[in-house]
Ligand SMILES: Nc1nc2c(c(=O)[nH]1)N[C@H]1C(S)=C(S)[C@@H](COP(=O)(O)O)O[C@H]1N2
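Form predicted on its own, single chain, as structure tokens, below.
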Amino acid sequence: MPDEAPERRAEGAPVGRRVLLGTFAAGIAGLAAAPYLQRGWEGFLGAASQHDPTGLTGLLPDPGGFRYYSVVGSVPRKDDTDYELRIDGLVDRPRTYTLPELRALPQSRIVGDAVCTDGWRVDGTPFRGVRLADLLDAAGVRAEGAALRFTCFDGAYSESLTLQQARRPDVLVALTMQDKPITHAHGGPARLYVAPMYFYKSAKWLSGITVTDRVVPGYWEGYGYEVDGWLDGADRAA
């Protein structure tokens, strides 16, 4: 799921995030100026999101420059004991991975930019995890497989990539971000990271990868986002 959104529906009415950001600007500035309040801010966001059906926690910055956002009011927490990633669809060897099993696979580290369509960005962010291409090779994609559909354990979010995009070396099932385990607020314990695309393509709280015969547009594409969310200047042929 993305860390940003064009609007949030609260009590049935669309709310422009930039308008609400202006409303909260003074309070946010005060928080940024108080280092002792900044400590633990990310933990607060993760806890607040569990009880915030309005999604207004998505307007609050965390110390790393990211913003928390969810398309549902509450997202369950997963860890080593209950996290699973299912790979199925047009594959010869469907499989469900646990978190320890994903950690045991060969890991790759990518340093890229996290760029939001809403205007914020965090440059030079390291992600580490399993190359999506390796998981696809292990599953054995069938000849008719042409795309991937990603689903998430929030129960609502989805995304897509073509098979060619998914096999790029800069696309990961990421387990760490900024050299630390990915927190719940940032989509952990495992999320997608698609380095050459806008951050909404890097689905948070990843739970399913299904190989399909065509691209199935994801959640934000239903709101007018591009199916191929390339960053400006991205090498689309890599």
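As the structure is a computational prediction, the values presented were derived from the model and not from experiment. In case it trips you up, residue 1 is the first one in the sequence shown, and so on.
This next part talks about the form predicted in complex with this ligand, which is not shown.
Student: Here the chain is shown alone; which of 163, 138, 116, 105 has a heavy atom within 4.5 Å of this ligand in the predicted complex?
Tutor: Checked against the cut-off, the match is 116.
Student: Considering non-hydrogen atoms and a 4.5 Å limit, which listed residue (134, 84, 154, 88) is close to this ligand in the predicted complex?
Tutor: Answer to the contact question: 154.
Student: Of 97-105, 163-171, 69-77, 139-147, which is the one stretch near this ligand in the predicted complex, taking non-hydrogen atoms within 4.5 angstroms as near?
Tutor: It is 69-77 that comes within 4.5 Å of the partner.
Student: Considering non-hydrogen atoms and a 4.5 Å limit, does this ligand approach residue 203 in the predicted complex?
Tutor: Although this ligand is absent here, residue 203 would touch it in the predicted complex, with heavy atoms inside 4.5 Å.
Student: Does any heavy atom of residue 193 come within 4.5 Å of a heavy atom of this ligand in the predicted complex?
Tutor: Outside the cut-off, so no.
Student: Residue 185: heavy atom within 4.5 Å of this ligand in the predicted complex?
Tutor: Within the cut-off, so yes.
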